[in-house]
Structures are given as C-alpha cells and as structure tokens.
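Starting off, we have a lone chain in the form predicted on its own, written out as structure tokens.
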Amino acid sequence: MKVLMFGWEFPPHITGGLGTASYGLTKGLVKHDVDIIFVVPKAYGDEDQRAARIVNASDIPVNYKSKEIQEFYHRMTYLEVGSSIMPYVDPIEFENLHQEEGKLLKEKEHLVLGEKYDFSGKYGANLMEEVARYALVGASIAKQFDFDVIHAHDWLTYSAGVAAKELTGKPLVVHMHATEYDRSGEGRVNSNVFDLEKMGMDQADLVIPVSNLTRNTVISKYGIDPSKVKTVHNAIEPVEQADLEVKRSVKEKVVTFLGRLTFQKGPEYFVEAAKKILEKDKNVRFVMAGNGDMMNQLIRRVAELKIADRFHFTGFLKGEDVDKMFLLSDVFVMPSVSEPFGLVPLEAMRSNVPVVISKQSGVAEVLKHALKVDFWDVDGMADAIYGLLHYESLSNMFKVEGKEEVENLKWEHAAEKIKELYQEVISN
C-alpha cells in the first residue's frame, strides 16, 4: 500500500506536536508495510527518510497554464487569515503578524502562480499564501506519483489533499489534530480557517480525530457525518533514554508547565495554582517553558501575585533541553482549556515524572495513572500538585505505573488501526 501524505513539518524541524505526531505515525505505518511519500513545504535534507520518502514542495514546479491548475486556483475563495489563529508564535512574531493582518492573497497572485515557489515552511505573515500554493503543489504531485490513498494533516494541508483527490479520484483521509475551536475558543473562531477545516472534512472519505473529545467537536460544530469520523488516539515513540547529566542548582521541588503560552493551553491557571501552593509551602519553584501571545500577560500576573522569586520563564525548549527539563522536574502540569490530545504528558511520564492533566484533554481518555482536574478548578489543581510533591508513596506509584502505561501506547498500534481504515476507504 502506498500513501501520499501532506504535512506542514517533519522532524527535526518542528515547532509543536503536529510534526512529532506525523513522524511517529509514519514510523508506525512503515512497520506495517505501508510506503509513504511525505510532502512538506520546505525540506532541509536532514529528515529521517527511513520513515518516509520526503518530497520538498519548494522543488515542485507548477504548470500554471494547465487548465486543471487554473480551475482549481480560481475555486480557492479564501484570501486572508487573521494572525490570531497562527500556531506556534512568540510575542514578537505575533506583533509582526498582527501588523500584516488584512493582506490579500490576490496581491501576490503572480508569485503563487509562478512556476516555482520557495516555501518558508513556517507560520509567518505569508502563511495563507503558502497554504494556497501548497494546494497547487498537491495537484501537481498527484499527477507525478503512484499511490492508493491520500492523507492530509490539519487544515494547512487540506486544500492540497482535496486537489490531489480531484485530479486522481483516489480516496482522501484527513487527520484532525486540532480544531479552530481548540486554538481560538468558542467566541473567537476565525471563519476562514473554519471554512477550510469544514471543506477538507466535507470532501474527505474519512476523518481521523485524535480523541473522542475532538470527534464530538467535528460532529457537533462542523456538521460532519458521524459515520465517517473515526477516532484513533495518538501515541508516543519509544526512545532510549539518553545519558544526560543535569546538575540541580536549587534545593526546592520543581513543577513544570511546557507548551505554547496561548489561550488553548491554559497557562494562567498554572500561575494561579502556583500562588495557592506557595501560600502553603515556599520551597517550590515553578517553571513555564514555552512562547506565545500570552507571555507578557503571564509575566505581569506573576509580578502582581509577588511570586516572581519562585517562578521561571525559559522560553521555547526543544530536543535535549526538553529532556533535561523533565529530569529537573518533580511534577508536570498540563492545564489545557481544550486539548485535542496532548503528547507532552506522555513524554513526561516516560521520563518518570508524575503528571496532572486537565479533564478537557484527549489524552485523559487513555491515561489511567495521571491526576485529572477541570482546567478551571485552580483549587483542585493546586491540591493535586501539592499531593504529588508531599506524599512520596503517591508520587512513586504514579512514576512507576505511569511509565509502564506509556510504554504500551505505541505508534505501531495506532498505525495498525489507521492502515485498516485505509483499506476500508480504498475498498469503498
């Protein structure tokens, strides 16, 4: 079986969980004899090609004189996307993007329709331009490669998947890793992104949400036929723990938040819980690792609460720095307001760190050995963190049982389910 897969990022060049999940899935599918052509906007040459054949969209020429390409381009009705929906941005980038809001795709039509286009592969001011061009590349690639099914990850690639389906008639599978409702909240949904998400799911033969939480959103908010929405939970890639040595320079216990500092991740609830814990025990330090549009707001709140001497902002961490942060942590907290799945708690548990997660996360559906609280229940969150910090037997149980549980959540199991779903849509 051959799969044409469209993604936006691939390790080691990632800015969030989407690239990590895509990589884990491809490695899992390979173990089940699935060949994958993985298209990214920009490839760097150091991607792991054992998992998939990486195709650099920047290298793909588009015959803009082609009748098929012209017809598809003129049906693309989206012209602009507000910067508020762009994932993985830090405060400086966010401000720059905000100033670019309102720029129309039509202004750069000559670039988008040029024979070749140099993608940045990032989430910058030209994001919508790149999404449009990526769709045209999807149409071009579909005519060049032989494959059985198309798989598109998240709204950024849905247009490319639809284009490939229209030109070949091959079945389309779209993977919903996060919805616009998760990213922006109920009252701040960007209609352009919503329309792209709905278009992709309407045109798809199968929609794969990463949790039942996301499945319910897809059905209730987007009106997608429940019969073609089938959940496959994410997993985690087993790795050999590196022989990292971290010298702990503080004697206090360490509680860590690691994620984007955005509405979706609920970082403000972590700050409020920290205040409550420090009222009972001053010998705790709190680490907030990540960037995002809420950074300045959170720094001000920490100062207002007079806990800055026990609170640390590290900025965005990746690679070994993440592993080192877990080695320094006594508790990991994910207080997400709306989390389609949430891979970071699995990474923490794999590193022997007990976790507190919100009930509003998809990963809560599969984890037994994690303390679960409502994101808004700051008192409950503080109690859960305090318990893991002060009751050694409780903490040790979650460390041991949690690690064993996570080691059984393998991508090859998720991939086996997805291959079965591929076979269903192909036969239909």
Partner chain sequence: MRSICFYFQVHQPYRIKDYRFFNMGNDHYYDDEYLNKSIVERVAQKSYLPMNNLLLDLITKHGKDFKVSFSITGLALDQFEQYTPEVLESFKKLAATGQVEFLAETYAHSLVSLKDDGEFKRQVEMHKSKIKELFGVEPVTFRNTELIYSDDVGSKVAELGFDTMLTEGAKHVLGWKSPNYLYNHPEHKNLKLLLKNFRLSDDVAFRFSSQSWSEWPLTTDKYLQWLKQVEKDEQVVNLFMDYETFGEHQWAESGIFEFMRILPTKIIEDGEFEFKTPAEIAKEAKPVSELHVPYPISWADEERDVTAWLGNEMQDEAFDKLYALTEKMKGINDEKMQADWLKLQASDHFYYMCTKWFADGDVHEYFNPYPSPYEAFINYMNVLSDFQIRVNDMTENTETPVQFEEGKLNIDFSELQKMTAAQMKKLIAQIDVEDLAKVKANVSTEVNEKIEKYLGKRKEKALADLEEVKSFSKEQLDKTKKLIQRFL
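Predicted model only: the values in this text are computed from it and were never measured. Positions refer to the first chain, counted from 1.
The discussion below concerns the form predicted in complex with the partner chain, not included here.
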*Between the options K403, K27, K372, K42, which residue brings a heavy atom to within 4.5 Å of the partner chain in the predicted complex?*
K372
*asked:* Within 4.5 Å, heavy atoms only: does Y391 come near the partner chain in the predicted complex?
replied: yes
_Distance check, D379 to the partner chain in the predicted complex, heavy atom within 4.5 Å_ = yes
_Check A52 for me: does it contact the partner chain in the predicted complex (non-hydrogen atoms, 4.5 angstroms)?_
no
*Although the partner chain is absent from this view, report whether D383 comes within 4.5 Å of it in the predicted complex, heavy atoms only.*
yes
*Which one, 129-137, 249-257, 271-279, 340-348, holds residues whose non-hydrogen atoms are within 4.5 Å of the partner chain in the predicted complex?*
271-279
